[in-house]
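Okay, so here's just one chain, in structure tokens, the form predicted alone.
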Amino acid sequence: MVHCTCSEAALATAVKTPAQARPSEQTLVEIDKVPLIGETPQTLLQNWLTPNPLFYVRNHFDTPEIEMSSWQLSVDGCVSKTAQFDFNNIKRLPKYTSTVTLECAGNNRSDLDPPAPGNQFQNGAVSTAVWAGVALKDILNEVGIGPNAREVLFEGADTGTPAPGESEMPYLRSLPIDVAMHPDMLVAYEMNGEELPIEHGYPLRLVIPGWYGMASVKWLTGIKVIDYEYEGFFQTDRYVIENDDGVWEQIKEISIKSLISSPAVGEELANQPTCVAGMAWSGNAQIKEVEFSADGGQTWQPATLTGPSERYAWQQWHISWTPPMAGHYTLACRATDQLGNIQPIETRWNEGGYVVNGVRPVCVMVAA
């Protein structure tokens, strides 16, 4: 069962019209100023592509200042030859384009009870863009991977103190060598056909399809091939989760998830057929089906998948729902991917507030 989470006070002030739920002037919902953190408004979660100014932002440190006259991408470590790429060198490599949904590992953290520390995202720390750039493997092939290579370490130009008592450091993340060499891993310099915005990592960022957003290092300045398992702050202290056996594991692929983007929470609907729509996504495979419930999960019916269907992008869905009578309804959706992964009704609570992918109800009122 999906339990209603709205209060009597919320119902008393239910949104009367769709116009009230969809303001004409849309900006990111601000979570923090320094570093810049903001989530996409719900109204934008029903568009297949998210406009650049409204694509969610999750930065760990303040936005760095980039001086392109001296900027270079260093590639070294367990390689046949070290290299320094300027921006023109990068753009001479073959260009690839990919539509990818990125989601913050802490998206929907505000749903947890009891609360978990961290940025209290609602459901807007997820967005989709068309990214363009070069294949990461092409850069690595340029320098030659050594026989003892185990991981690839990525460094961003952003630096800061990640927690009290910690030393100042750059943002660093690593990938296993087999993941780094996968042909779909991208070093992007364009976003939705435009130059990569500074808040999204200009001039270069990683885009790691299927993984939570923390893996897609922004403001990329360094790539180092290493022969050991990297154990930095953002892979051992953050972005880890305790499994059922009590073992701490790194967070990697995006867990299956879906949401209702229309109607809005608390919206008052006319007593007539209504289009309920939303998005579904999974880092492991494409979406196979989405189910809809208007009674808090007691019964489910299949929704229609619509719009583009691409390996690493979310899937749009919709269903026409006719309320049987006036009153309060708890709407819900759940997704299943092509590998058989099913979205859980409830999130497995964890102290980091990560991987919150349980079914999220949307309560509405149907007018008499």
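One rule holds for the numbers: they count along the sequence shown, beginning at 1. The structure presented is a predicted model; accordingly, all values stated were derived computationally and were not measured.
There is another form of this protein, the form predicted in complex with a small molecule, and it is not shown here; the text below is about that form.
Looking at F55, you'd find a heavy atom of it within 4.5 angstroms of the small molecule in the model of the complex. The shortest heavy atom separation between D158 and the small molecule in the model of the complex is within 4.5 Å. S216 belongs to the set of residues with a heavy atom inside 4.5 Å of the small molecule in the model of the complex.
Contact check for Y239: a non-hydrogen atom falls within 4.5 Å of the small molecule in the model of the complex.
Remark: none of the three candidate residues (S98, E190 and A313) comes within 4.5 Å of the small molecule in the model of the complex, counting heavy atoms only. Contact with the small molecule in the model of the complex, judged by any heavy atom within 4.5 Å, is made by just one of T50, T330, N59, Q343: N59. Distance criterion of 4.5 Å from any heavy atom to the small molecule in the model of the complex singles out Y171 from the list Y171, W281, Y202, F292. Across the options 251-259, 83-91, 181-189, 216-224, residues that bring heavy atoms within 4.5 Å of the small molecule in the model of the complex belong to 216-224.
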